[in-house]
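Presented below, as structure tokens, is a lone chain in the form predicted alone.
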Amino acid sequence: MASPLEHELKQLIIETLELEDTTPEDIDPDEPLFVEGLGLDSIDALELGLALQKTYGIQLEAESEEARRHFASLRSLAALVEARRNA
């Protein structure tokens, strides 16, 4: 069962990237967001990064190892948002 934050992030991903044929239930929180899994690409990563910045005030360096780690899955993205909220 997805946490409220994970569900919120699923909605953000779907709306930001205009994934018309995708529902929140289609996004497994532990599956990779990029290449396999949800199948996002580098352009999607930039758009998602901008949405995170606007929505949560989170800024990451696009090519950093930290960004790759946080964007690995929905669950890791939720952990980042939660950590920044509590910081």
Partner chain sequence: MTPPPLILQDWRAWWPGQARPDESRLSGEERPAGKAVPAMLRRRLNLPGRAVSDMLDALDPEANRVLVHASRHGDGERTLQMLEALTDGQPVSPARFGLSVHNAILGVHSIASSNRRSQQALAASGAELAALFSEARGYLAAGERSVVVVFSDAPVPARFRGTDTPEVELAAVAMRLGTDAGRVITPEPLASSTAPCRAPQPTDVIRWLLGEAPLGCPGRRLSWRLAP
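Only a predicted model underlies this, so the values are computations on that prediction, with no experimental measurement involved. Residue numbers count along the first chain shown, from 1.
One more form of this protein should be noted, the form predicted together with its partner chain, which is absent from this view; the next part is about it.
> Each of 32, 65 and 85 within 4.5 Å of its partner chain in the model of the complex, by any heavy atom, yes or no?
No: none of 32, 65 and 85 comes within 4.5 Å of its partner chain in the model of the complex.
> Please run the contact check for residue 19 against its partner chain in the model of the complex: heavy atoms, 4.5 angstroms, yes or no?
It does: once its partner chain is placed as it appears in the model of the complex, residue 19 has a heavy atom within 4.5 Å of it.
> Using heavy atoms and a 4.5 Å limit, would one call residue 38 a contact residue for its partner chain in the model of the complex?
Because a heavy atom of residue 38 falls inside 4.5 Å of its partner chain in the model of the complex, the answer is yes.
> Evaluate residue 26 for contact with its partner chain in the model of the complex, applying a 4.5 angstroms cut-off between non-hydrogen atoms, and reply yes or no.
Flag for residue 26 set to no.
> Does its partner chain get within 4.5 angstroms of any non-hydrogen atom of residue 60 in the model of the complex?
No, residue 60 sits far enough from its partner chain in the model of the complex that none of its heavy atoms falls within 4.5 Å.
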